[in-house]
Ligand code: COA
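One chain comes next, on its own, written out as structure tokens in the form predicted on its own.
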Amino acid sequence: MAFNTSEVDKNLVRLEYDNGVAWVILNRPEKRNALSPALSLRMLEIFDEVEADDRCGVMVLTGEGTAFSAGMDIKEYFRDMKDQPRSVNLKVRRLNYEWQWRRLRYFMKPTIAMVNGWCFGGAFLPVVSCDLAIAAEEAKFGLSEVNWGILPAGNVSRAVAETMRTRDGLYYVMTGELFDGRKAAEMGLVNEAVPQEKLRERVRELADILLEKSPAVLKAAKDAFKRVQELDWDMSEEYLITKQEQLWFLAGEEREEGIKQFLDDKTYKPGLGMYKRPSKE
């Protein structure tokens, strides 16, 4: 049966707002939050909502139950699509890439992946697309595709190459072996790993740090860092100068206030703290 996009199951993803943070929770615990075409549609709806909602200053992506995500739902993406026209296959894969990479990588708000449990295959892509990632030490990661006859596709291999050392990436791509949150942090796949019972607390702490910053400056800073990785030195210099000039128009008052508090008021030191942002009230 062809994939139907006319109705989206709202329960596939939960959205909760809490003091500036939007908690986006993949909600297929019976399938270890495996990614499906319908879930992709729901994620695109969620992104539209969260980007436009002032209750969100930081978005956290996580999973319900014992898994972040088991990766691609093998039945829905492979067996059910086997006899579908190529146009249908392309459609469902584009939906997947749209939210996991194109939208999430340059999301309007800062993003944190909270890897609370199993994280396999296709789930690596949204983890890497998030700006920051914190994992439970007990979380289990795996690129198991080689064990059942495919390769880590859908830009998963690109995501691994983006974050992990070459030898580490090749080792796990070629062996399919598991590794835990500590190893993920050691290899650079996530920023850090903490005990499971401290995971939400640490993510909340990190989100609160980001909430202190100027949203416009954060967006420009994270986009600039990601863009210059693909540029040579000359193009990078040109891009960053242009980006900074653009930011003067978007957040000039933030810069002037920060400079004033540092040079004139002497109320903070940039390397040791954050200036007091202008009130919007």
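The numbering used is simple: start at 1 and walk along the sequence shown. A quick note: this is a predicted structure, and the numbers were derived from the prediction, not measured.
Keep in mind that the form predicted together with the named molecule is not shown, yet the notes after this line are about it.
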So in the predicted complex, does any heavy atom of residue 131 sit within 4.5 Å of the named molecule?
-> no
May I ask you to check whether residue 118 falls inside a 4.5 Å heavy atom distance of the named molecule in the predicted complex?
-> yes
Residue 122, heavy atom within 4.5 angstroms of the named molecule in the predicted complex | yes
Using a 4.5 Å heavy atom cut-off, state whether residue 245 contacts the named molecule in the predicted complex.
-> no
Look at the candidate spot formed by 31, 70 and 73 and say whether the named molecule comes within 4.5 Å of a heavy atom in all three of them in the predicted complex.
-> yes
Among 98, 137, 168, 145, just one has a heavy atom within 4.5 Å of the named molecule in the predicted complex, namely 145
Residues in which of 252-260, 220-228, 44-52, 23-31 have heavy atoms within 4.5 Å of the named molecule in the predicted complex?
-> 23-31
